[in-house]
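Let's start with one chain on its own, the form predicted alone, as C-alpha cells.
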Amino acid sequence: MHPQPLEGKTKTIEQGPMPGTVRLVAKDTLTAGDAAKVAVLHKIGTHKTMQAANTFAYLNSESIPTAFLTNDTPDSLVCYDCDMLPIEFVVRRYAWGSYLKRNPAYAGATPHRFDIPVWEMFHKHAVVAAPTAPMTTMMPENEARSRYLSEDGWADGIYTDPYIRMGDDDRWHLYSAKADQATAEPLLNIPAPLTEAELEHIVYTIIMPAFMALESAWERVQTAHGPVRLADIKFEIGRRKSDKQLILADVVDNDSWRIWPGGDPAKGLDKQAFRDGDPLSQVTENYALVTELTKTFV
C-alpha cells in the first residue's frame, strides 16, 4: 500500500480503493530525453489513461497477465499493487530509434523489419560515472535527475536507461544505450536481478505475446495511409504483492510505442512527434486520435 502518494514524471501513485490495489493518476505532462524536455498539454493525461485502459483490457482478454483492473476516473487507473522491476523491456519489429545507435549496420533509408521481433532490456537506474563521479555507481533516476539534470541537459558521465547485456557469470553488464555495441565497453557489472527461469517467463509468457497481440490489433486499424504498423513498444513488469506473480504493470499508452500508419515513420502518431519538436497542438491532436483508435481494441 502507498499511504503517501508517490510522485513520478508523468503520474502519481496513490493508495487504491481496495486492499492490494493502487490508483495511477496521470498528469497532463509529456517528457522526452529522459526528462530533459518537459511540456504540459491539456487533457494529455486523460488521453493516456484511456489508451492504457483500452490496451490493458484488450491484453487481459487475450489472457496476458496485467496489473490493470479498471479506470475509475477519466485520468486514473486502478491496478494491482506491485513491486516494480527496475527494468524496461523493449520489443522491436523494426530497427529504429536508439537501436540504430547500438547497431548502426541496420541504418538505412527504409527501416529494417525483423522477421522475428527482437527484445532488449534497459535498467531504470542511472549510471553515474566520470567526469561527474570519481567511482562508477548506480542511483535511482529520480535522484540522478534532481542532482545532475539542469536546463542545459544531463551532466557529462550520466547514463540514463543503460542497455543491459547478460553475461555468462550470472551478472548483467550495463552499457551506454547510445554506444555502438560492437565496440562499447561496459560501464558497470551488476548481479542479475532475475533468474534465468524468471526472465524466460517474462519474455515468452508476457512481453512477446503482448507485442504480438498489439501488433495484430494495430494492423486491424485502417487509416488513409494503410494499416497501422507497431514498430516497437516498451513494457514494464511488476511482482504482484499479493502473490508475487510477475505481471505486465505500469502503463502502456502512446508514450510506450511507435505506431506508423502505412508503415511510414514520417506519419507516426506516437510521442516521437514531441521528441522531434512538432507543434504541441499537433502532438495533442495525435494523442486524441490514438485514444479513439485504441477503442477498436476492445
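Start at 1 with the first residue shown and count on from there. This is a predicted model, so every value here is computed, not measured.
The discussion below concerns the form predicted in complex with a small molecule, not included here.
- Though the small molecule is absent from this view, in the predicted complex it lies within 4.5 Å of a heavy atom of just one residue from A249, A52, L230, I44, which is A249.
- Between the small molecule and the residues M84, A184, M212, L100, the one pair within 4.5 Å by heavy atoms in the predicted complex involves M84.
- Using a 4.5 angstroms threshold between heavy atoms, C79 counts as touching the small molecule in the predicted complex.
- Contact annotation for L6: at least one heavy atom lies within 4.5 Å of the small molecule in the predicted complex.
- Shown alone here, A67 lies within 4.5 Å of the small molecule in the predicted complex, counting heavy atoms only.
- Proximity of R165 to the small molecule in the predicted complex: non-hydrogen atoms within 4.5 Å are absent; the residue sits far from the partner.
- Note on the interface: of 36-44, 249-257, 262-270, 57-65, the segment with non-hydrogen atoms within 4.5 angstroms of the small molecule in the predicted complex is 249-257.
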